[in-house]
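Here we start with a single chain on its own, the form predicted on its own, put down as structure tokens.
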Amino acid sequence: MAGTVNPDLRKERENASFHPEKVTNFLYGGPGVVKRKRELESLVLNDPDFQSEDLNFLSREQQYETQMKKSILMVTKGEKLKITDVQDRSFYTSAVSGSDSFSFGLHVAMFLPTLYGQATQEQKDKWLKMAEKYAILGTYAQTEMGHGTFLRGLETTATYDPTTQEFVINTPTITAYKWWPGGLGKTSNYCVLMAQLYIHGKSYGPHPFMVQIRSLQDHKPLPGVTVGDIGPKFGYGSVDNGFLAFNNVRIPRENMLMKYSKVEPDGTYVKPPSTKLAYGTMVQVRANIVVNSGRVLAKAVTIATRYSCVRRQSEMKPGHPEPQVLDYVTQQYKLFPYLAAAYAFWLTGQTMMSVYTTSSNQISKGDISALPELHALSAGLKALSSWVANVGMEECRMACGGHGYSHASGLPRLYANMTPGATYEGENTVMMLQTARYLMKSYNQSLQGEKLAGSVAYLSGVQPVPAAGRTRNMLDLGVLCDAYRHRAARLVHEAAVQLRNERQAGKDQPDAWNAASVDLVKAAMAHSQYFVVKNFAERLTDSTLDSSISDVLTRLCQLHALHGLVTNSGDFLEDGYLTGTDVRQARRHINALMAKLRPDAVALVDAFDFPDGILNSVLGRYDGNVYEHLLEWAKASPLNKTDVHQSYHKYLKPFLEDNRAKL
């Protein structure tokens, strides 16, 4: 391969201070995992059955059909290969789907986990095997045209009829139409439906119901069911996001998922042991979004960094050769903070999934004590990571100049498919306010001398502001973690004071909360950023890291923390915790760190280990041979199948001839 690699890119790899494979092993959890990942990716990338025309050149219907075919092949081949491990399935699915979605994504990500978590054993016996074996296909129908994140506002009704022991499902208004569930438009024949439970005229709030929506014989909508595709979207052209409405559709009483809440045959409602038990599936999905945010940002940075080494632009010095774009410090300042953020969120996502797994085991044994903290943490990190990933992907696209605008770069499709993470599974501002609610509760508990959960233990007291003139080493990760902790604790304290002041001014709790909401979101953001910085620093204490890896990852961690500090310098300065000298020192350190990271930039993105077939980018190719493949990609456009397009004969030729005749 060395002979075919772009010479600039080859030189970058030769001059790196470390071997990327060591970082790859760290990121994925060891050489054994990396080996297995590559085996599974190779199975997909070398299988002609999974090859297809570039989705960018296909109509939406063709994209849907192509991904459906590949998804079915993936399931059937995966079963034959006995790919059952969760991590293995993730590697295999990612290799097939690329930056697009698996056609049965909601079936796997929401439908199955809800059955696992909220169905009784009898209900699992009835549906779970069919769902696991893809004998039925499901989605998760929660969001409505008029309500999303606010679950209590859902309008779809499930009214219990004790005379027949059935629930009657209805869509009472236009805004009650289910809207957005993936796989609903044309694919699913079942759904987990979130609907308001009514018994004897009384509402008991939203509950999950198992509802068949299409025939298992001919796939047509069942009587009383209106279902279809919502149309083209900003991205995810291959996914059939759908709408759904019900007109007096009756389902058996046993179709309410009753692991926790129950409705007896006579209509008696049995409350769940805790309302928090429903958080489990949401926490898992949000933890996955944190993981995915790190991965998609890593892909975008990989593309932009490699291309910035291949692309040469302008003269830095008159008469000298055009330098690599990455040699411009302004380009480094665009990309390196997001390179650091990709590592930060990659590691944070791993921590979140580990905490979720541990907590799930506790919950299954009846211990739900960790759920409130986990719910608050997952909400804040989901919002923070998806926000940063969105901004970062767009920065990477613009850093690639004009070619970043082309679908050949892979960046527009990556961005369009991943940007909805800021709104699905909870709109981000609302997510931050959920985190803030937990922070306010924890802060008030700390005032009462109660012991706080691990992630909020620092709220037990705002640190005293150090004496003026104290000098700090702004590269010390301990100093940086302390600064982020102090900022978070102070902003939580100030949001609590603001909330109290609004109440004392005569506002009721909801109005006071709304009035203080900007401060509350800011506090939740600071709390989430502190967790990410602290987690990154803690992961670097891994004793298995050799010095070359530890050194370069420490620089990334320092850059991530310092860039966030300088970007939010007002927060650190306004109470005197940091001084202007500290911030100026931080800014200088950023420039010095970028200079040290510059020789390692390509090796750091190589360590993410995205094969070309998964990266799907002409600009981000491993071999760096961008221009010849850019031309090859353009020639493949359907508009180039003929030298003269049919529209010339139909429209353009008569138009030109008429105009010439008038001369």
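Computed from a predicted structure; not experimentally measured. The numbering used is simple: start at 1 and walk along the sequence shown.
What follows is about the form predicted in complex with another copy of the chain, which we do not show.
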query	finding
Among the candidates G205, G570, P172, P223, the residue which, in the predicted complex, approaches another copy of the chain to within 4.5 Å (heavy atoms)	G570
Position in contact with another copy of the chain when the complex is considered in the predicted complex, options M398, A453, I83, M282, heavy atoms within 4.5 Å	M398
Joint contact, E322, R587 and L639 to another copy of the chain in the predicted complex, by non-hydrogen atom at 4.5 Å	yes
Contact label in the predicted complex: F209 to another copy of the chain, heavy atom within 4.5 Å	no
Contact of E538 with another copy of the chain in the predicted complex (heavy atom, 4.5 Å)	no
Contact label in the predicted complex: S406 to another copy of the chain, heavy atom within 4.5 Å	yes
Partner proximity in the predicted complex: K365 to another copy of the chain, non-hydrogen atom cutoff 4.5 Å	no
Segment that reaches another copy of the chain in the predicted complex - one of 311-319, 473-481, 538-546, 291-299, heavy atoms within 4.5 Å	311-319
Stretch 497-535: residues contacting another copy of the chain in the predicted complex, 4.5 Å heavy atom cut-off	Q498, D508, P510, D511, N514, A515, S517, V518, D519, V521, K522
